[in-house]
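Just the one chain here, laid out as structure tokens, in the form predicted on its own.
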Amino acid sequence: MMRLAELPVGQSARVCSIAGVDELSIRLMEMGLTPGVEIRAVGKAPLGDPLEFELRGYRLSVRRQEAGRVEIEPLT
């Protein structure tokens, strides 16, 4: 299983799950990172944090540490 933080810019994936059951995992799901949603990496800050993604017709920026909690399946 791959983590969202590892997804190269320009590639797409499908969210499989969010690791943990705490405030952060709930917050990530409230931001739209729910199982089954397709997501695409669109950019990252010059030092690699935060990361920018596109999902559900909007763009979302999350810290690399937060993206590391999201398990994904790359789409080919």
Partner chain sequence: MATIAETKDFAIRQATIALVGNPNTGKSTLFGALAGIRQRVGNYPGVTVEKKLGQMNHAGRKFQLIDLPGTYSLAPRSLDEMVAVDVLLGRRGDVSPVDAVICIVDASNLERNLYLVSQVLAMGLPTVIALNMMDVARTRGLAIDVDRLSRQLGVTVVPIEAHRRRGLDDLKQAVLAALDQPVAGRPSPFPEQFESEVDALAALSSTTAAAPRYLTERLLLDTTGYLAHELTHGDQRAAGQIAAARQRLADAGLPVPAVEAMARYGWVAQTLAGVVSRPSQRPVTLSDRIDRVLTHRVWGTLFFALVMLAMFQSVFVWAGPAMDWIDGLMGAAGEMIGAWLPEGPLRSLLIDGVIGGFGSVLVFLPQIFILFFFISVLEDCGYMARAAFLMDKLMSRVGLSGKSFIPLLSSFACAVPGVMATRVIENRRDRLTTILVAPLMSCSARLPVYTVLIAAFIPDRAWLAGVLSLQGLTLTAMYLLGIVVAVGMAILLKRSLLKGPTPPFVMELPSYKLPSPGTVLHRMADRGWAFVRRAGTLIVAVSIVVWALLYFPRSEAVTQPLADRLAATKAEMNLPDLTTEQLTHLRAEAAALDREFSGIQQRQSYLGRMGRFIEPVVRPLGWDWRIGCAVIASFPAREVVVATLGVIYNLGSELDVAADADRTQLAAALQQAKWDDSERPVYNVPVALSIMVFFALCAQCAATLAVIRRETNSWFWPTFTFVYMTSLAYLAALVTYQVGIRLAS
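Source: prediction; values computed, not measured. Numbering follows the first chain given and starts at 1.
There is another form of this protein, the form predicted in complex with its partner chain, and it is not shown here; the text below is about that form.
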**Study point:** Contact of residue 15 with its partner chain in the predicted bound form (heavy atom, 4.5 Å)
**Key:** no
Exercise for review: Report yes if any heavy atom of residue 10 sits within 4.5 Å of a heavy atom of its partner chain in the predicted bound form; otherwise report no.
Suggested key: no
Review point. Is there any non-hydrogen atom of residue 41 lying within 4.5 Å of its partner chain in the predicted bound form?
Key: no
Check your understanding: Can you check whether residue 19 is within 4.5 Å of its partner chain in the predicted bound form, heavy atom basis?
Key -> no
Practice item. Scan 28-60 and write down, in order along the chain, each residue with a heavy atom lying within 4.5 Å of its partner chain in the predicted bound form. Key: 28, 29, 30, 31, 32, 34, 35, 44, 45, 46, 47, 49, 50, 51, 52, 54, 56, 57, 58, 59, 60
